[in-house]
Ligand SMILES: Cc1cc2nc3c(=O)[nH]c(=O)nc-3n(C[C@H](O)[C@H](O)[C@H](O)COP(=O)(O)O)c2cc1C
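As a starting point, one isolated chain is supplied in structure tokens, in the form predicted on its own.
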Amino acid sequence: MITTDKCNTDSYKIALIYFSATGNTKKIANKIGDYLKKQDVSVTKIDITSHESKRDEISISEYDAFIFGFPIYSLRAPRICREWIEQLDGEGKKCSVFFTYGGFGKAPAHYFIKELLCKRNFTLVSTAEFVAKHTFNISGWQSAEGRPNQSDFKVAEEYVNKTIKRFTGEDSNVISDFNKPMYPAEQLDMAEKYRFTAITQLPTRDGMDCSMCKLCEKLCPTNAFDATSGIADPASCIACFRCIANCPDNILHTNDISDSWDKKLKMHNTTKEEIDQMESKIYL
């Protein structure tokens, strides 16, 4: 079932829709929801992370505007989120998008989400990106630890204030065009097939006993995890690590990739300190 949380006002209605496997995007979405409620608008939060939730129909006509929140996987919003958007008709409604990312590879996401939303008849008025701990930290990396934090939440408040003005027409501008990325969508599609698997193994419990609560199976965004066998299906697992992040027995895991952390930093010509000091940004 879709999770909703509607405030008491009945004025301007905004749907805040997000996908959050390990909790980063949800943290930002919750802050955005709090800031929206201060703007005398009605906000409905809709979590589309689980497999079942994406089957529920969204009534576009019920809302005046939309805010979408996604993590960045392989330089774009996750494929399952893009495929979900492709089923929508925006009816010309205004929208905004925010991303969370772990310090590497985020610029193309804005270009491709604008392209997709325009095709689906939405009008994009703003975007934002928020620094958050990398999914790979579960496997041994140390990227953007402790993020998002208060500095990111402050940017989220500014993002809401500016976006509301564009939603209501106080600011009549829409998002500027983003530079076309060097990597075409077809090339990113190929890279996306190997997300994580080049250096990580899929989630597993390696035959260890657990309480069999089956939360891992219930929460999986793609129906990939089998609680009985304790193994993820490699054909459908997107390595979002939601099962690991939410395992109450703390048994599910992937392999330790801490030895690849320094290699990753050298590849991007950066340091842990530089990543930790990165700032969240708004695009108008």
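Residues carry their position along the shown sequence, with the first being 1. If you're wondering where the values come from, they're calculated on a predicted model, not measured in any experiment.
Omitted here: the form predicted in complex with the named molecule. The next part is about that form.
In the predicted bound form, the one of Leu117, Val155, Leu75, Val125 near the named molecule [non-hydrogen atom within 4.5 angstroms]: Answer to the contact question: Leu75.
Listed residue (Ala65, Ile257, Ala239, Leu36) with a non-hydrogen atom within 4.5 angstroms of the named molecule in the predicted bound form: Spelling it out, the residue with a heavy atom inside the cut-off is Ala239.
Option from 81 to 89, 176 to 184, 130 to 138, 163 to 171 whose residues, in the predicted bound form, bring a heavy atom within 4.5 Å of the named molecule: Going by heavy atoms within 4.5 Å, the stretch is 130 to 138.
Partner proximity in the predicted bound form: Ala21 to the named molecule, non-hydrogen atom cutoff 4.5 Å: Flag for Ala21 set to yes.
Contact test in the predicted bound form: Phe104 vs the named molecule, heavy atoms, 4.5 Å: Taking the distances in the predicted bound form, the answer for Phe104 is yes, it comes within 4.5 Å of the named molecule.
Ser96, heavy atom within 4.5 angstroms of the named molecule in the predicted bound form: Ser96: no contact with the named molecule in the predicted bound form.
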